[in-house]
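A single chain comes next, written as structure tokens; it is the form predicted alone.
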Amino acid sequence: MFMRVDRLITDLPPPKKQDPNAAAALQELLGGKYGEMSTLGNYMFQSFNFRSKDKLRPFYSLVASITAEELAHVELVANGVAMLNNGPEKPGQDEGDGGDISKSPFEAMQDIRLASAFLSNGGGATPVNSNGVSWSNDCVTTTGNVLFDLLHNFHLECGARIHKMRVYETLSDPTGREVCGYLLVRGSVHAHSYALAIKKLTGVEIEKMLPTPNIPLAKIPECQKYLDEGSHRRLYTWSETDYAEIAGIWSNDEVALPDDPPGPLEVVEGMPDGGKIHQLAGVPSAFTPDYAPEEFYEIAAKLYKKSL
């Protein structure tokens, strides 16, 4: 089962401007071939279908715990997309009746890269790639063969790191770049953990067998603070009682990807502290929440007060 916490996995800076085309680029990290929907789908169903869980417990726990983090990554990218589509927070933006919509307040949206993000979704994120193509179950691999699945996961994480780097290079807004920087660091952890799992299961020196993408995280400004705090060497159990067996794989100073920054490998019980979820202001002219939002806010305030 899963527990939900009302925080993002990391803090995101607010966008400097409304930038729906940047949001479209970020969609690739959500619904693209190597996006977070793909990593989530692979690891989640592999963990559900895992054979001989008791006998292969460290490998099962690794895939299961990373599944929970991928859910948080989906949430992070989706929030980044919505923030870029919405633009900077503006006090009072969600008040009023929406004005005269006959004057085409969203005329510019017909020329954006993903017009459907506004026309169908009100600027929110959905599981599509940067061209609006829906994410597909065809991106999920779950074979029941632990070694094949681990090898596939390693390939998936390596592809995802290239994916994120290319998206990063298209963006200038701090919101989108922060999403990429954080995910580049955490993606290196997941790639490294799957590489170590294969190495321990087979005895093969995977760093000699397979070339891996050389992405120098220390040269990416948005990665630096996560490297400084040691996030690149940390795996979370995402549970207070379960999945601690990943320490059998992720421990000591063993290296499978030689270009990773050095430091002790650490298993942390539980989850990261995380950061706040930004409030997206309503846009009355887009009927979010409605022409008369004050009524919705008054009802919500009464319900919230009653719950205390």
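Since we're looking at a predicted model, the values are computed, not measured. We number the residues from 1 along the sequence you see.
Below, we refer to the form predicted in complex with a further copy of the same chain, which is not included among the displayed structures.
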- is_contact(Lys225, a further copy of the same chain) in the predicted bound form, heavy atom dist at most 4.5 Å: no
- For Leu12, is any heavy atom within 4.5 Å of a further copy of the same chain in the predicted bound form, or not? no
- Determine whether any heavy atom of Gly122 comes within 4.5 Å of a heavy atom of a further copy of the same chain in the predicted bound form, and answer yes or no. yes
- Message: Quick check on Arg234: any heavy atom within 4.5 Å of a further copy of the same chain in the predicted bound form?
- Response: no
- Task: Scan 128 to 142 and note down the residues that get a heavy atom within 4.5 Å of a further copy of the same chain in the predicted bound form; none is a fine answer too.
- Result: Val128, Asn129, Ser130, Asn131, Gly132, Val133, Ser134, Trp135, Ser136, Asn137, Asp138, Cys139, Val140, Thr141, Thr142
